[in-house]
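A lone chain, given as structure tokens: the form predicted alone.
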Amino acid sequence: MIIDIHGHLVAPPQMYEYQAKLFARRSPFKGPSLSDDLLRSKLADHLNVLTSGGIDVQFISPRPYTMMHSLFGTGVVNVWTRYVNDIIQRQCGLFPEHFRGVAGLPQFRVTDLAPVVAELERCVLELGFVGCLLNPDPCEADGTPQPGLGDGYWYPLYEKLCELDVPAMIHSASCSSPRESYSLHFINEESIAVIGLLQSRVFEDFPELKIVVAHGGGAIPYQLGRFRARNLKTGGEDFTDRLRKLHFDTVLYSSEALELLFRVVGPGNCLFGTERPGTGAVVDPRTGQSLDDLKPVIDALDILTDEDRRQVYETNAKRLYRRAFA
């Protein structure tokens, strides 16, 4: 079985028309009712893309750059997040053999995590979701961000993740800075998040916490020597060992980067992800293949054994996302 743990919602335009109205009004109101036929038609196209890439099951979550976390309106963020999560649950119900839901969380500028924890619990216990996205910067580079992920501010969420036995995927959202595209912001925030976690007591306080870092871990696995040197100077745990407390997806679109990731953190800490269709849905003129068609790229890496590939494609996902195949 080939399990893609990093996919996003493919939705009809009516959903995004509702988002535009929410954004314009800055006031929550009920979203439109979308028919099963409408949802099925969009997801059928999505499924064809996955099948062409050899993917059996994909975990789908909200498109992060549409989550509106930095709006000055907690009611708008809450109603939009619930609406999108409900659409994901319905789409998973239409194709239950192919899709699993991953929750978006109603994070926003204010510091109250209670709505975040409540929506996580609703999505897991009522909607059958198998994990969630975690945005390290709900301010989206506009204003003073929340504390780093090693701070006790996040502990109520970590406690609930452990209680429900679901992973969080670190995945930034949109970006308001003129110096960063949202795609670059993803990498920067994921890098900050990794260091924040690994320089804290989070994994000592929550040894069962399961964290997956999107896009191959930001920049950290590729700058390993710099952070390993710091830990050696301070007499701390070897940074390579500490890095393996985390898990990483394969959304890298480069055979060289993928090989380095596997060498640094090991296949046992990597989960197959494509974000397909997403940023990588473009044909590479050098190969004639879509950049997000990653299975042939991983299959061609001679540093991996058949057992390594089985871990990356299937068994690691089943081990972390236990609710997905219960």
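All values derive from a computational prediction rather than experimental measurement. So that there is no doubt, residue numbering starts at 1 and follows the sequence shown.
FYI, the form predicted in complex with another copy of the chain isn't displayed, but the following is about it.
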item	value
Options 145-153, 111-119, 78-86, 159-167; stretch whose heavy atom lies within 4.5 Å of another copy of the chain in the predicted bound form	145-153
Partner proximity in the predicted bound form: L252 to another copy of the chain, non-hydrogen atom cutoff 4.5 Å	yes
Another copy of the chain contact in the predicted bound form: K210, any heavy atom under 4.5 Å	no
Non-hydrogen atom contact R201 with another copy of the chain in the predicted bound form at 4.5 angstroms	no
Interface membership of T66, another copy of the chain in the predicted bound form, 4.5 Å heavy atom rule	no
Complete contact of P32, G73 and R90 with another copy of the chain in the predicted bound form (any heavy atom, 4.5 Å)	no
Heavy atom contacts to another copy of the chain in the predicted bound form at 4.5 Å, residues of 278-316 in sequence order	G278, T279, G280, A281, V282, V283, D284, P285, R286, L291
